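Here's a solo chain for you in structure tokens, the form predicted alone.
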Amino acid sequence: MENIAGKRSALTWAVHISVVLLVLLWVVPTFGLLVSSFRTGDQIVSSGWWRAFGTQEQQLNPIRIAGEEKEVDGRFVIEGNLFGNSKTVISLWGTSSREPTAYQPGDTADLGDGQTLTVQENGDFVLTSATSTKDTRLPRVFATASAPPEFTIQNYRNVIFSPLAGQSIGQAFLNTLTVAIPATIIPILIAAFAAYALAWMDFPGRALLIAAIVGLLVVPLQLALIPLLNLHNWAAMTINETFGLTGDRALSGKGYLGIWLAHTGFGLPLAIYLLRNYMVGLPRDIIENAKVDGATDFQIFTKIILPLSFPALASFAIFQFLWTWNDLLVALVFLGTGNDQQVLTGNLVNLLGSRGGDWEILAASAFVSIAVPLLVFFSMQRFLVRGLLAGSVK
């Protein structure tokens, strides 16, 4: 009875539960990052993102009394609102960091030297003093308050449009696009030709080339990075000396050309391996019939192989774009560290170092940086499994 057709195996439910858990592990932190990117710094510090949609009771940063002093009945009075007439509701308050909850709303605190302070539930305060307070430091109020949900897009404005300490990510976003798009297209173009040759063309040494490509898949990027940079600098210097290029016309070791070539070199082994395995699985009859009809290898490649290989091309494009978009090491080596040269990952590292306490800025920056990869992945993910599993089943 256990093997009756149509009966679900118990393992099926385990697979479904595992998939749901994996999706939640990925989606929940991303959603939390999105919510935090729209919150103010005080709210992020005082409570988790899951409490962002309800009224929160939190210990506010100390607020120093400020306002114009008036003389009333022989006493000097300062009146105002701690929060600028917002909807914040105070539950407890105090005048010392050691006793931040010493008073209830409406209580009057004796500050000594003839000074008293009264704070109401809505933040209204009255400070009275027997002498003028113009030349004295006014007291601070430590308030525990219930604040309504507050969301803002100012974080994204600061990140994209306003240079924070010279580190606006607007230019870094354009730099990353300039790196990622060509670094994805170039290896696909080269690898497609190479994969077709290795799959359907007979020539001496083809097996050795395939073995070499498989071996290159395990070469660490860090191992080849410095030799590749030295080779790039030597080539730029040789070209400058050969053609007499100087000044602005001279080629530099730092630039987009170098990083495009580096990403192309590191991405080609996987691209060729993936595309070659896919093309080998295509029906041989189609190619043989095309040759009988007089089609050349180039015509077969462009009119038959490429259209049929689109799932594999899209699969590699997803991987390559994500790698180049999230890259930091290659960008630092081949592009530079200046504000006008940095990619998003480098910019976010600097932002974390100089403004580590501004979590709202970091959340907005991180979400801006992952928005494009998410768009690319979800728009092309239907081709991912088709491209990776093609040829696995005959």
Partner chain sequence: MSQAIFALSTIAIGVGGCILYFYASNLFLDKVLFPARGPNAGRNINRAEAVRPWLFLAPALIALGLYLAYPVVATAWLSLVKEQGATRNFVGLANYAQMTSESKFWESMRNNMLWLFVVPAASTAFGLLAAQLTDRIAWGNFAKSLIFMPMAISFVGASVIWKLVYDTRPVDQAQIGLLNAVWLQFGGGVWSVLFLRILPALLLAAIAVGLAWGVWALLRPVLGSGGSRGSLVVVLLRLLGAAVFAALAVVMLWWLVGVFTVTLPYGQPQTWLTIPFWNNFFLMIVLIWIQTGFAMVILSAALRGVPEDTIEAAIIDGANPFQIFFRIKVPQIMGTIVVVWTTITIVVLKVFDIVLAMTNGQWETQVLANYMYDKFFRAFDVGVGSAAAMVIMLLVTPILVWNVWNARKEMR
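What you see is a predicted model, and the numbers here were worked out from it, not measured in a lab. For clarity, a rigid core is taken as the largest C-alpha set superposing within 1.5 Å between two forms. Residue numbers count along the first chain shown, from 1.
Another form exists, predicted together with its partner chain; not displayed. Remarks below refer to it.
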property	result
Non-hydrogen atom contact Phe161 with its partner chain in the predicted bound form at 4.5 angstroms	no
Partner proximity in the predicted bound form: Tyr256 to its partner chain, non-hydrogen atom cutoff 4.5 Å	yes
Residue contact check: Phe316 to its partner chain in the predicted bound form, 4.5 Å heavy atom	no
Proximity of Phe298 to its partner chain in the predicted bound form, heavy atoms at 4.5 Å	yes
Stretch in contact in the predicted bound form with its partner chain, which is absent here, among 143 to 151, 236 to 244, 72 to 80, 211 to 219 (heavy atoms within 4.5 Å)	211 to 219
Listed residue (Leu138, Ala102, Leu229, Leu111) with a non-hydrogen atom within 4.5 angstroms of its partner chain in the predicted bound form	Leu229
Contact assignment for its partner chain in the predicted bound form, among Ile286, Leu174, Ala130, Val292, heavy atom within 4.5 Å	Leu174
Heavy atom contacts to its partner chain in the predicted bound form at 4.5 Å, residues of 11 to 31 in sequence order	Leu11, Val15, His16, Ser18, Val19, Val20, Leu22, Val23, Leu25, Trp26, Val27, Val28, Pro29, Thr30
Exceeds or equals 2 Å, Cα of Ser46 between this form and the one not shown, core fit	yes
